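Okay, so here's just one chain, in structure tokens, the form predicted on its own.
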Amino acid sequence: MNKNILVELKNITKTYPSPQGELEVLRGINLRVEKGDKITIVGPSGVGKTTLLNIIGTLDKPTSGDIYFFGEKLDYKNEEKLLKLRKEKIGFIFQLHYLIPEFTVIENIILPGLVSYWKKERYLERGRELLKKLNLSEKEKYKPYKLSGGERQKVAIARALFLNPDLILADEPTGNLDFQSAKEIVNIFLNINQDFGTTIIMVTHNWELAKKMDKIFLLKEGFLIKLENTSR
């Protein structure tokens, strides 16, 4: 077993019922994700990029095929183990930040610590460490409505990083941002990868941002195709 392989997908398929019969979204996806990888998945809307990301993150179950985390095959009957994996090993970032509007910035960030029953001193220290890392220290007591779109997404990133996950899954994290803010968010991902060794898998429509990652895959007609990154 290769200890550098974080996640491995083997012959993953996903079908949905439709009026015309079975709709096959994913057709035998194979993917190896190594520790420290920076991966982008590109492709037009509706091809199954989010479905694939949700399957990798165990939020959805494949119709067939197997997924391995740290060399161990996922058992979808063991919901407790899947919850533990999602909680401790995977950080999720979405196009919508899903911040709680009634909570301050710091309160949104420390939520994973509260759920994990951390001591107050510990979760506040971790929250402020992440705020400093993302240049948001002065916004600690702000409510989300006072922040820009880019700042809200930074808070969502900090929340996803709170438990120091091995893998960050980012689904169109820059989709609602202007180009400059989007570029800043992607640079944050690159810094996270460099500073903490966190593996990044990002879905995006933005080709210019996609080229900043090391590995680019095109999802087309249910198949995952590796592309050459000519910018490197």
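Quick caveat: nothing in here was measured; it's all calculated off a predicted structure. When you see a residue number, it is the position in the sequence shown, counting from 1.
Same protein, other form: the form predicted together with a small molecule, not shown, and the subject of what follows.
For the marked spot (105, 144 and 148), a heavy atom within 4.5 Å of the small molecule in the predicted bound form is absent from each of the three residues. With the partner omitted here, the stretch from 185-193, 50-58, 66-74, 30-38 that lies within 4.5 Å of the small molecule by heavy atoms in the predicted bound form is 50-58. Within 4.5 Å of any heavy atom of the small molecule in the predicted bound form lies no heavy atom of residue 166. The shortest heavy atom separation between residue 17 and the small molecule in the predicted bound form is within 4.5 Å. Taking the partner from elsewhere, residue 23 is found to have a heavy atom lying within 4.5 Å of the small molecule in the predicted bound form. For the chain shown alone, residue 45 is a contact residue for the small molecule in the predicted bound form, at least one non-hydrogen atom being within 4.5 angstroms.
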